[in-house]
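Here are two versions of the same chain, shown separately as structure tokens and labelled structure 1 and structure 2.
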Structure 1
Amino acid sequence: MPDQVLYAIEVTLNGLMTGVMYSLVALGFVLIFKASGVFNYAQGVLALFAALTLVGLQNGQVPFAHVINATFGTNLSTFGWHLPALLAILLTAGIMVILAIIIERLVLKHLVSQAPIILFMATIGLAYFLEGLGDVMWGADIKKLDVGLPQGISDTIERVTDGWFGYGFFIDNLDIVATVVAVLLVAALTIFSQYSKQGRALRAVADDHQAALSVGISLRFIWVLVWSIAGFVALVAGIMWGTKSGVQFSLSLIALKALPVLMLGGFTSIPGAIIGGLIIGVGEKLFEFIMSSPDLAGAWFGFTIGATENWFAYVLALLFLVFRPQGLFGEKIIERV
């Protein structure tokens, strides 16, 4: 096979893996949007908050240490323990559930039957609040997250592909793990929503609030449930991104990449979120590869451009907005007159 094709395959595979990350964040958006019609701007920050909490718990960091030290003149920093990864993850999941309950009590409950834009604004407020809270609780420095996931280039894949094509693909172990975890997560969510009592109730609420009420479903319970699930999905996304590039506040910016993913996949479709994420992941990597290569773009167009990854997703989303506003899988929006 010609080298360019092999490179392109490798780029595609890496794009798929990046896409999985986008899909994970987009999935959190879709879950909340379907169940409550709320566009949750805070989904990315939720992932950040989860990752910060996880690192903090794992390393025995004292929450609010800065504040406590400044107020009482103490010099606290850690509890001096190191929690096993699994325990820290479970505790963080528990904290995400508590967070969901607090959000419902303090915010959503008071905004029932408000216009979607008001709820959207509330989630913007929530995003900034959580970002600030994360900062004050755990500090703003970049933290290393290690829950024992394999990292680095996979030797096996490099060796095997080298044997086949005479060219070893560079695939990160972490990306492979992320893909497997994402698949398991989606499978679990699907089984949950199709076969469990709570999952049925969730689908009912997503479909029609009034009808759901009439069969005895508590909307408040469902809201806590979806925000908990979204918090859990955020935790998974936070672990993956945090392991990959450290837990830092730019993590909340991945939510911005989820936006074009949603425009592609539609705001109400779980398969859409997955496939949209993959398309954007592969698309931006391949486009970058082609446009920055002197042998491809250079030879075809006579010029090359770099750093296309920054804007490719948004331009693609814009094209979709113009030609297929409901996304690939979203329901067609028909205005009733």
Structure 2
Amino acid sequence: MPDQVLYAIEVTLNGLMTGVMYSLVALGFVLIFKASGVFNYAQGVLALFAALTLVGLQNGQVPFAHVINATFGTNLSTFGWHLPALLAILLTAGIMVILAIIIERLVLKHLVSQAPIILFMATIGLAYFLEGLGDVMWGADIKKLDVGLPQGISDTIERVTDGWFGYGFFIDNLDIVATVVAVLLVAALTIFSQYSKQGRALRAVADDHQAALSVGISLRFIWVLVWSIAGFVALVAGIMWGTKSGVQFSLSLIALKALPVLMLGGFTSIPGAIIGGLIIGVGEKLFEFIMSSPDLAGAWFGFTIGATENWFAYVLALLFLVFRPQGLFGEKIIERV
């Protein structure tokens, strides 16, 4: 098999894995949008806040330590313990549920039946508040996140593919774990959305807040529930991205890469978030591989282009907005006038 074909297969596999990581972030956006019809600008910051909280709890860091030290002249740093990864994850999940309750009571309940743009602006304010809160609570330094997930090149895949093709594929173990987790999350969320009483209530709230209230659906409970689930999804995404690249404040920018995923898959489709992520992941990797290769782009077009991963997803999303604005799996909106 030609070397270029083998390289392309390897790039495609890595693109699929990268797309799954994008999809984990996009899932949180889909959940909030299905419940409120509003794009949650704060979802990326939720992933950052969850990852910061997890590292802080795991390392026994004292929250607001530098503020307390500056105010009272103390020298606090840590409590002197190191929590097991599973316990730290469970405690962080509990904190995300508490955060969802606080958001509902202080923000969302005052915005019932408001225009979507009002709710969207509220999520922008929430994003900046949570980013500042995370900075004050846990500090702005880059943190290492280690919950025991395997990292590095998969020796098994490299050995097997080397035996088959004479060329070993480089696939990251963490990406494989992320793929398995994403599949399980999508299956669980799809079953919840389609077949549970709460899932049907969630869709009713998304269609019409007042109508849902009139038939006895608790809007406040649904919002707490969906923000709690979105917080858990943000925690999973924060763990994967934090383990991969460290917990730093640029982690919140992964939300920007989720936008093209949502435009392709549709803002209301849970499976669409995964399919959109896979298309973006594979597309940007293959396009970068082709356009930066002298043997391919150089021979076909007479020139090469580098760093296309930075903009390919947004150009593809723009094309979808022009020709299919609801995405591949989104619901087509028909308004009668």
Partner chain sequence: MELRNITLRFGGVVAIKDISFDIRDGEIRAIIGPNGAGKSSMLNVISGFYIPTEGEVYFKKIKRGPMKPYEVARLGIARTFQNIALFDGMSVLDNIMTGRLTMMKSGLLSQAFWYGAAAREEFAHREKVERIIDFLEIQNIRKTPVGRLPYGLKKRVELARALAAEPKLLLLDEPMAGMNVEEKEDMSRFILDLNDEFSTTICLIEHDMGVVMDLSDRVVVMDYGRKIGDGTPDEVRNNQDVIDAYLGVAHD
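Fair warning: this is a prediction, and the values are worked out from it, not measured in the lab. When a residue number appears, read it as a position in the sequence of structure 1, where counting begins at 1. So that the term is clear: the rigid core is the largest set of C-alpha atoms that superpose within 1.5 Å between two forms.
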task: Quick one: identify the form predicted together with its partner chain, either 1 or 2.
output: 1
message: Following rigid core alignment, is the displacement of the L106 C-alpha between structures 1 and 2 equal to or greater than 2 angstroms?
response: no
message: Rigid core aligned, does the Cα position of G216 differ by 2 Å or more between structures 1 and 2?
response: yes
